[in-house]
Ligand code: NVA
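Presented below, as structure tokens, is a lone chain in the form predicted on its own.
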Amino acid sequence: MMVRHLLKISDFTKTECEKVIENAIDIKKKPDKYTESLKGETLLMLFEKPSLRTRISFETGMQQLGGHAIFYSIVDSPLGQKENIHDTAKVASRFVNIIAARVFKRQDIWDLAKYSDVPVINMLDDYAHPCQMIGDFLTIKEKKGKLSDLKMAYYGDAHNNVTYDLMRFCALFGLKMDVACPKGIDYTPEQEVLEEVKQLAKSSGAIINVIHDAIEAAEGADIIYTDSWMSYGIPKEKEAQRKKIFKPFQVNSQIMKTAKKDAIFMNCLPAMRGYEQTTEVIDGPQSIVFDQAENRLHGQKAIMLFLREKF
């Protein structure tokens, strides 16, 4: 039997994404029903990048499902150096039931999955952030009551993992999405991602556009989404330059007023007030960022149960 992995959100079909989100809703409503779902099972978490929400939500989620999570930092002994990825995956597969990794390079997570005999979950790399997607669209389902006939407007750095998976998810579900970002290869999505999204959109009817006009993107938007201008790994000395480049794409009250009256504001956190969004937006009545953060817990529990074939 083939082992399933979650390395990018499009590793799941639309139907599978719907199933995971529906189960996450049930897990959230009836947590007691799932307290022994992964009894006696172990999750190994490999961290090369720092983490707050990801580590806490996975550890808590595994414990609430009756299992056990191991945190292992690979910052000081990078994966693939002293012990190669092939051996790490093979050995860990004999000890644990799920491997999750948060790494800098996509190739590392791909190699881990290639040689692992148990499911591998991408907790974030430079190409995708699928766990964030399940939490995000669970939140959108709660707030909007549907995952169809919606428009998302994304603002800021579009050369990043969250943007790529948001585009993939919207493409899978036939949604409209405007990605509003500065021009230039350092700030726009990679060609490979654009091609994948184009293929996904062919069968779903999704309309995904990369544009460079912040106001235009907000028009008719149900969801306004932004992410950090200073992602992990970007040198501090680039901060002033990036702030200047991204400022025209800051989510402010004008953007929110241009969007639909009942538009919701999302940021996957961490957030810097006065950078990717203004204080009045993130702390305002349309912001759902903390509901969004909480839903990482419920979404990840559903992902683990799905990959372990527990529902």
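Note that the structure is a prediction, hence the values are computed from the model and not measured. Numbering starts at 1 and runs along the sequence shown.
Unshown form predicted in complex with the named molecule; subsequent notes refer to it.
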So in the predicted bound form, does Ser231 come within 4.5 Å of the named molecule, heavy atom to heavy atom?
yes
Touches the named molecule in the predicted bound form: Ala69 (any heavy atom, 4.5 Å):
no
Going by a heavy atom distance of 4.5 Å, is Ala259 a contact of the named molecule in the predicted bound form?
no
Test of understanding: in the predicted bound form, would Asn160 fall inside 4.5 Å of the named molecule by heavy atoms?
yes
Complete contact of Leu124, His129 and Cys268 with the named molecule in the predicted bound form (any heavy atom, 4.5 Å):
yes
Contact stretch among 114-122, 203-211, 141-149, 160-168 - heavy atom within 4.5 Å of the named molecule in the predicted bound form
160-168
